[in-house]
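Shown here is one chain on its own, the form predicted on its own, set out as structure tokens.
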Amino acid sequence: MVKDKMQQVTALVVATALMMITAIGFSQDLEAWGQQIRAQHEGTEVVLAVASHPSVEAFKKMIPDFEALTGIEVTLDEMEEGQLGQKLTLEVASNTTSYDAAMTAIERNPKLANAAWSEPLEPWIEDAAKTPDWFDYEDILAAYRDMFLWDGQHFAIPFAGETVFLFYRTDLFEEHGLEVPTTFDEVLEVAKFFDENVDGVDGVSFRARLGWEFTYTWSIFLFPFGGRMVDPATGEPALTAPGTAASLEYMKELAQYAPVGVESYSFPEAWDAFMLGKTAMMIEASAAAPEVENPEKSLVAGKVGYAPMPAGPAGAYSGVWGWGFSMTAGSQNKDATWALITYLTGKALQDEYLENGGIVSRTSALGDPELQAQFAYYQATLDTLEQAAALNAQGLSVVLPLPEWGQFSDILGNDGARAFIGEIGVDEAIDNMQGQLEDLLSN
């Protein structure tokens, strides 16, 4: 009797999940796929390490339907982004894992892949028996797919591709008759105007916390001023390029028109300052846009415009960052894990994912005229991806494909941040960093 009741409950849950899937037009394919996965993996537990992120919040809403459809149990071990990086570093060092998959950033992919901690995914991507047509790997933007290349293979499936662009308050710009900045000189002028003339509104928000977050922001200013991390021809550290110092000096000047305490801002503080109406502009990740437009979280929703990165003396550039799911080489449940990754990141459920606040990464969404009309930041994303491609065409990148990138980034983020707050001089900081990077890459 109890068993019969449990079977009825299970059938009801599955039926409910399938009814929801029917609404998005992929019911038959997903139903057949789900039955196949259930037959193979029902009762399997898949454990994922994830960071707190808007896309993770979207996945949390999707996972119960996946569990009901497939019979696979999903456990998320969620933590702060820096803690996740530390956790994965420890796992690589110990050559062990407690996870089947992990949320992996572009910055960590080389280290994880080079250590064989993560699994190359071509055997699953290219296997029609394991990857249904509705997943559509090629629909993911190539720039985001190739973030996770290492030694000719892909080690993660992107779900939150990011670039960086300029956010600005359309209502304030219209009220004061201001044009959207197209150069960094204009950004400085506009930021100064708001800081000095509009009560309660600072000019601009950005993250500048010591460490990797300072590196993240600095990389956006570095190349437009002609700065370099490495020489693209030799791969040798090249921070002594004249534009490097100019980019740091500019950031220091711009910070005069940012909120007090900007030097301690991580991305949540930078986003909050803008979303609470405390700044007129923000230079930040495209991942912030869904949050900015969420009226439950943002006081400026519906009052924001998005523009490509402004030009510096050496041009206008942005970069490519983002997150994906990597599968651990040590997982004992690889096919069940792949089923989960396929479901969460596939084209079939893209609309649900985006409606739940997920970050767009697919060509079919970014190029959709109806979605572009609905989400103004889609066009800015496409524009800044072109800026990132222009940077890559010169052999340059905001994230270097090095297993040592974590240490490289820390060096930039520590001494760069110290120069930003005036603890040491800009020239001294650059000399310090150049020496440390030369030592790092020579070992």
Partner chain sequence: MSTPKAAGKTRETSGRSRHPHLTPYSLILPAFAVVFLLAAYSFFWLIQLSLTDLTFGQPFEEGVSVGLENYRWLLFHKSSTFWSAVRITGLHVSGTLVPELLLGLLIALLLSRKMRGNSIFTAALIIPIVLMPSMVGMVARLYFSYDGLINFFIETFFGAKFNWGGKDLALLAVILVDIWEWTPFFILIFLAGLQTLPPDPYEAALVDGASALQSFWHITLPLMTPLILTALVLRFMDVLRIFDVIFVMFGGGPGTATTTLPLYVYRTTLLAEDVGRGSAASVMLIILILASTFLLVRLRQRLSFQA
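These numbers were taken from a predicted model, which means no experiment stands behind them. Positions refer to the first chain, counted from 1.
Another form exists, predicted in complex with its partner chain; not displayed. Remarks below refer to it.
> Report the residue, out of 347, 154, 108, 169, that has at least one non-hydrogen atom within 4.5 angstroms of its partner chain in the predicted complex.
By the 4.5 Å criterion, the partner-contacting residue is 108.
> What is the one choice in 364, 197, 332, 86 with a heavy atom within 4.5 Å of its partner chain in the predicted complex?
Exactly one listed residue reaches within 4.5 Å, namely 86.
> Tell me which stretch of 367-375, 92-100, 247-255, 169-177 has a heavy atom within 4.5 angstroms of its partner chain in the predicted complex.
Among the listed stretches, the partner-contacting one is 92-100.
> I'd like to check something about residue 260: if you look in the predicted complex, is any of its heavy atoms closer than or equal to 4.5 Å to a heavy atom of its partner chain?
Yes - in the predicted complex, heavy atoms of residue 260 and its partner chain come within 4.5 Å of each other.
> If you check in the predicted complex, is residue 192 within 4.5 Å of its partner chain, heavy atoms only?
Residue 192: no contact with its partner chain in the predicted complex.
> Is residue 414 one of the residues lying within 4.5 Å of its partner chain in the predicted complex, judged by heavy atom distances?
So residue 414 counts as contacting its partner chain.
> Hey, in the predicted complex, does residue 356 get a heavy atom within 4.5 angstroms of its partner chain?
No - in the predicted complex, heavy atoms of residue 356 and its partner chain never come within 4.5 Å of each other.
> Pick out the residues of 189-211 whose heavy atoms come within 4.5 Å of its partner chain in the predicted complex.
Result: 209, 210.
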